[in-house]
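Form predicted alone, single chain, as structure tokens, below.
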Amino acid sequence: METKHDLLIQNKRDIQFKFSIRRKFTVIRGNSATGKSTLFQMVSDANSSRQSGVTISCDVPVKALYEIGFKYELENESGNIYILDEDFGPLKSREFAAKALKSENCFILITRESLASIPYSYKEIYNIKTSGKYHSLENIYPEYDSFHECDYMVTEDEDAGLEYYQSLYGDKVKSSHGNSNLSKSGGPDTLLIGDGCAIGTSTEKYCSELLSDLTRNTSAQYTKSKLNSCYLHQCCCKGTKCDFYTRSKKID
């Protein structure tokens, strides 16, 4: 199922939600009275009755998902966008995560909780932005274009990623031993380093396997458990062709 979809949800009072989703899992957070429950209720009303006055414009069906019957829905339906409210009890369960991952559907998850079993991207965590009757989504986490070295640094990786950062910054870099522990590490003057592919997306495994395939049986062969020295040092002999890097750009 394609994961780029534009949604327009509105009712007869001209309350409108207009936004796009780009991945399988989209998370909407925020305080009470910001429009989260209104969004879910409008979708629910549109599903239950044509006389509700709510219309949904999207290239695929958009449905509210409830605890009762959710297993059947996820096992037998495909090509839908499901929206779940905060009171959806199984949301944090491994059973729901397993069924959602296997299903060919997209999910909009309304929750203020952290979901360790759901592979959602930090780029797809939003607040609802409101201007009168018009609502849209805005990213909670900004994009950073610079990297600031600190006296204490923590990365979620404990294998090749940790080795890479320690090669650059030494023993000041420690591991949190998993992305679920990253936010618990260090203090206000600590730099936390989270892999965007590891925190909330199922693309980490794909990227690791792709890199392994591209470099297999070469001097630059990649493994996740230990970082090949080829990625750290200017090891190419003068005049030796390298299919992956040049000596001048390797460290950069």
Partner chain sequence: MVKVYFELPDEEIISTSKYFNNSYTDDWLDDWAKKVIRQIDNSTLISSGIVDSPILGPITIREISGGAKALITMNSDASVISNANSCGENCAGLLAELSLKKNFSIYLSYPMEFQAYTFDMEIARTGKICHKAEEFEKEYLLWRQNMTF
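Keep in mind that what you see is a predicted model, and the values were worked out from it rather than measured. Residue numbers count along the first chain shown, from 1. Think of the rigid core as the biggest set of C-alphas that the two forms share within 1.5 Å after superposition.
In what follows, reference is made to the form predicted in complex with the partner chain, a form of this protein that is not presented.
Participant: Among 165-173, 69-77, 109-117, 150-158, which stretch sits within 4.5 Å of the partner chain in the predicted bound form, heavy atoms only?
Facilitator: Of the options, only 109-117 has residues within 4.5 Å of the partner.
Participant: Is Leu210 close to the partner chain in the predicted bound form, meaning a heavy atom pair under 4.5 Å apart or at it?
Facilitator: Contact with the partner chain, no.
Participant: With a 4.5 Å heavy atom cut-off, would you call Gly132 a contact of the partner chain in the predicted bound form?
Facilitator: Taking the distances in the predicted bound form, the answer for Gly132 is yes, it comes within 4.5 Å of the partner chain.
Participant: Hey, in the predicted bound form, does Ser225 get a heavy atom within 4.5 angstroms of the partner chain?
Facilitator: Close contact is absent here: in the predicted bound form, Ser225 is far from the partner chain, nothing within 4.5 Å, heavy atoms only.
Participant: Please run the contact check for Arg216 against the partner chain in the predicted bound form: heavy atoms, 4.5 angstroms, yes or no?
Facilitator: No - in the predicted bound form, heavy atoms of Arg216 and the partner chain never come within 4.5 Å of each other.
Participant: Between Pro61, Gly194, Gly53, Gly186, only one gets a heavy atom within 4.5 angstroms of the partner chain in the predicted bound form; which residue is that?
Facilitator: Contact with the partner chain in the predicted bound form is made by Gly186 alone.
Participant: Among Lys99, His177, Lys92, Lys123, which has at least one heavy atom within 4.5 Å of the partner chain in the predicted bound form?
Facilitator: Selected residue: Lys92.
Participant: Where, within 13-33, is there a heavy atom within 4.5 Å of the partner chain in the predicted bound form? Residue list please.
Facilitator: Those in contact are Arg13, Ile15, Gly30, Asn31, Ser32, Ala33.
Participant: State yes or no: after fitting on the rigid core, is the Cα displacement of Asn179 between the shown form and the other one at least 2 Å?
Facilitator: After core superposition, the displacement of the Asn179 C-alpha between the shown form and the other one reaches the 2 Å mark, so yes.
Participant: Cα of Asp189 displaced 2 Å or more between the shown form and the other one, core superposed?
Facilitator: Superposed on the core, Asp189 moves its C-alpha 2 Å or more between the shown form and the other one.
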